[in-house]
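Okay, here we've got a single chain as structure tokens, the form predicted on its own, with questions on binding and movement later.
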Amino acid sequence: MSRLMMCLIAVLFALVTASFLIGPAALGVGESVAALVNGGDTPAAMVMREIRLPRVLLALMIGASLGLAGAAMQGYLRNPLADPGLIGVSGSAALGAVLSIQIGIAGSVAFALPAFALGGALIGVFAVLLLAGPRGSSLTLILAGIAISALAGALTSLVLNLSPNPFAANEIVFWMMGSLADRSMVHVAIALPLIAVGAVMLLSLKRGLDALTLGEDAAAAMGINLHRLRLTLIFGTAAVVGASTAVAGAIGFVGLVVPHILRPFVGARPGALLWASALGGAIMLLAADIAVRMILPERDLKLGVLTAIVGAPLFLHLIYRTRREGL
């Protein structure tokens, strides 16, 4: 376990270094470090502090939070096909952001888009809780999440369909593809508090998720409050996924693929998978963000598009393996 964590941290450090160095502005290692540390008003300092630093921080935060939420969701539902977006938070946050773009407030008020997205995520999670009931089963929670996701997706499509402004429709489409380009420290400040709170909530589930592997009755007998565990999972996932979607758009497959890849290395223990998936999610998103800067840099390849292209075949492989094993 410790060897796995050391390997993940080493890979993460290498990717962070590469992310600081790769970009249209050809800056050497020494020049990049000096610009980042010493600051000043030089062009190199502006590139490092205003462009690359927020991008690296957001990739770390969002990747880690999506990986963590995916591991927690799969551990709670005891299903390797579970995803953080399963409870409808991603779709609801996207709908809120789309509405802010459509009515024009996103262009005139700096915090409007993330605020609307967070508001949409909050409404979505309360709608799921209302549909599933305070003590509903896991299946009821999944069905409620699917229903809210479908409704949010339908309303988003309706907004696009009825949009009289082609520029707004174009902006909506590109935002929904997910990206870390053109983000600033303002976006970091918006997302960091919610991601930090949500991550603490999800990491606190370690003992409860391990106990659930024995079944709900056994977990309750061990003193696990299943109702509180469920609410902590829902609100923790809503916080990290809502904040991530608010500042970066829709980025899929990270929370599904990363726990699946790392699960064999932790002995399939849900609690041990939480930290590993957080590091793995940060690695995956950093690697993907580096790739979009190197693949077709003049065409602005979107981050969410690349993660979907990579994640979809892995998801299909997971379905095939699950069917073959008869699970």
Partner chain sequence: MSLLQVRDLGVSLRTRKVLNDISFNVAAGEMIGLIGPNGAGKTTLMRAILGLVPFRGVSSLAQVPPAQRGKHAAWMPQAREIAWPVDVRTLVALGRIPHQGTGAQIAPEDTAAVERALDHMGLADFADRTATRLSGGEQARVLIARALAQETPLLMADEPVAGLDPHHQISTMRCFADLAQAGTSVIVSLHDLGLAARHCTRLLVVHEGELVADGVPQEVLTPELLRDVFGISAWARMTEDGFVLQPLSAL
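Residue numbers count along the first chain shown, from 1. Worth saying up front: this structure is predicted, and the values here are computed from it rather than measured.
There is another form of the same protein, the form predicted in complex with the partner chain; it is not shown, and what comes next is about it.
Heavy atoms of every residue among N79, L214 and D217 are located within 4.5 Å of the partner chain in the predicted bound form. Looking at Q74, you'd find a heavy atom of it within 4.5 angstroms of the partner chain in the predicted bound form.
Taking the partner from elsewhere, P43 is found to have every heavy atom lying beyond 4.5 Å of the partner chain in the predicted bound form. Looking at P270, you'd find a heavy atom of it within 4.5 angstroms of the partner chain in the predicted bound form. Proximity of D210 to the partner chain in the predicted bound form falls within the 4.5 Å heavy atom cutoff. Of the stretches 53-61, 275-283, 259-267, 293-301, only 259-267 has residues with a heavy atom within 4.5 Å of the partner chain in the predicted bound form. Screening A221, A189, L162, L130 for any heavy atom within 4.5 Å of the partner chain in the predicted bound form leaves a single hit, A221.
Taking the partner chain as positioned in the predicted bound form, none of the residues of 7-24 brings a heavy atom within 4.5 Å of it.
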